[in-house]
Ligand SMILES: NC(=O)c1ccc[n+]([C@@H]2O[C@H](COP(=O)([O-])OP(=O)(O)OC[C@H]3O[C@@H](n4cnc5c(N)ncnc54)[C@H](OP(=O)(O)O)[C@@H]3O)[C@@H](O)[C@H]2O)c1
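Take a look at this one chain, the form predicted alone, written out in structure tokens.
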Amino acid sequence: MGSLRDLPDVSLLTISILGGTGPQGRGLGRRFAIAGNQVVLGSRSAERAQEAAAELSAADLPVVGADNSTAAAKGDIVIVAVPWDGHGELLVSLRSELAGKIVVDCVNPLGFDKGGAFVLAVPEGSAAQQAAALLPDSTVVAAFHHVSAVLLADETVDEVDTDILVLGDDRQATDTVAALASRIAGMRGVYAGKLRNAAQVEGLTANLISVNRRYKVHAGLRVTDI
């Protein structure tokens, strides 16, 4: 990836979000819509997705709702923001709808107990690598793991002060996702390596959750010297 300023124009792309009625998916959808992209919120229930979209479109944002299958088919780029326990099953069911598309996986395989968040073992190495294995006809990119759903949803927050680590094996795809991240005010998309390095990025979310709990904040990341 070259200069952070040398990125493709993604302003006309339709962004579909699987799990778009959850906190992270809905928050990302809201911010992309504010940036001017058409957004499709996907859910297992079309009615639930349409209700969530109606709340956002009431603020004159370009958002519609649909079931996950329809959302996957409509998106130029599809973001996966579903809970980890439903991740693999959903992707297998949408393999044909996602074929030929950039699929952005932002799922964090985490468990929780009295000691807080901890990383779960994934046979493929990471959620993103699992997605790549299950979607051989798609181009999988890992991104948006560390952005606070609370800040994304907060109408008093004009800029989300964080860098988005973008990982993948296809340069055009990682550039496209970095450009998409940079559409959200305050964010930058920063290339952070091949998809094989996604596990530690996903797992770092457990550390940020610990930071948030100790200091009562919504911590993000900034990469210096670029």
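These numbers were taken from a predicted model, which means no experiment stands behind them. So that there is no doubt, residue numbering starts at 1 and follows the sequence shown.
What comes next is about the form predicted together with the ligand, which does not appear here.
Contact annotation: the ligand lies within 4.5 Å of heavy atoms from the stretch 83-91 in the predicted bound form, the single such stretch among 69-77, 113-121, 133-141, 83-91. Contact check for Q24, V107 and S148: all three have a heavy atom within 4.5 Å of the ligand in the predicted bound form.
Shown alone here, T176 lies farther than 4.5 Å from the ligand in the predicted bound form, counting heavy atoms only.
Residue contact with the ligand in the predicted bound form: R48 places a heavy atom within 4.5 Å of it. Of the heavy atoms in N37, none are within 4.5 Å of the ligand in the predicted bound form. Looking at R188, you'd find every heavy atom of it more than 4.5 angstroms from the ligand in the predicted bound form.
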